[in-house]
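Only one chain comes next, encoded as structure tokens, the form predicted on its own.
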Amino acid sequence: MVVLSVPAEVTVILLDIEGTTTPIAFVKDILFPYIEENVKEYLQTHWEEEECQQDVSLLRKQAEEDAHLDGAVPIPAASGNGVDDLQQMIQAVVDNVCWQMSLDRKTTALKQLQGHMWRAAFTAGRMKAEFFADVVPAVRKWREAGMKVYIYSSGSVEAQKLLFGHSTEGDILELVDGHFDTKIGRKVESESYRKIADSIGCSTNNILFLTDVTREASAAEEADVHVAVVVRPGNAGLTDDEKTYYSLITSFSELYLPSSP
């Protein structure tokens, strides 16, 4: 087994989610299809609620901004109170959501609705987050050794908490000291990692960042953060240069913590 020694100055482990703690297939084959298959039913059930109305008006505003795009799907405003009118509107929202997802867009309006739908699914027990088998035992060990563990993912903090709160391993939220999303900055910009260190109250070289994306690894390294690239089934392949340059691990159990003095 490969063993990667964690530098002695590291006190914080920062984790990416998709492709690092959680199989990409879970996101691609379960989370996203769930939205497309259930968005119509969700809208019909929650339409009268204020949160749902806010989601729809945000999507409508996004649709207006997208009007010039090829294949864009407009969302009409309500004209009367007819049932037909409502069904037409719901169908327009469904078509718009599916259109945005087919282009893999990450608009705030789309993310917000997705987040609310996942929350409903997780809390109702219709869905549980999957983690690689080595993740939870390793995180427990790190914490016992006095490490702090934080998450940095492009999924919203709310979505991250849903995953850790409703996993196949149960509620493992207490294993995480804090969460960061792209509100702190994009993951491919080195400044984001400096801001994270400031927020945690440590120096950037006290952090070890685990990610499957080399562009993120490179940005973190630029900020003087220690990096290891995680190689998992289903992740994008690495070039020969990347394989030589980066420290690679295929399991969290390959990280060796030097025993505390």
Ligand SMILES: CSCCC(=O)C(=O)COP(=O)(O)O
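Note that the rigid core is defined as the largest set of C-alphas that superpose within 1.5 Å between two forms. Keep in mind that this is a model prediction, so the values were computed, not measured. A residue's number is simply how far along the shown sequence it sits, counting from 1.
Just so it is clear, the following notes concern the form predicted in complex with this ligand, a form of the same protein that is not shown.
This chain is displayed without this ligand, yet in the predicted bound form the stretch 25-33 from 25-33, 51-59, 222-230, 38-46 comes within 4.5 Å of it by heavy atoms.
Scanning Lys128, Arg119, Lys111, Lys148 against this ligand in the predicted bound form with a 4.5 Å heavy atom cut-off leaves one residue, Lys111. Out of the listed residues Met89, Ala159, Ile172, Val139, Ala159 is the one that sits within 4.5 Å of this ligand in the predicted bound form by at least one heavy atom. Although the partner is absent here, His166 is not a contact residue: none of its heavy atoms lies within 4.5 angstroms of this ligand in the predicted bound form. Shown alone here, Ile17 lies within 4.5 Å of this ligand in the predicted bound form, counting heavy atoms only. Among heavy atoms of Lys106, some come within 4.5 Å of this ligand in the predicted bound form.
Contact check for Ser153: a non-hydrogen atom falls within 4.5 Å of this ligand in the predicted bound form.
With contact defined as any non-hydrogen atom lying within 4.5 angstroms of this ligand in the predicted bound form, Lys187 is the only contacting residue in 178-202. The rigid-core alignment places the CA of Arg105 2 Å or more apart between the shown form and the other one.
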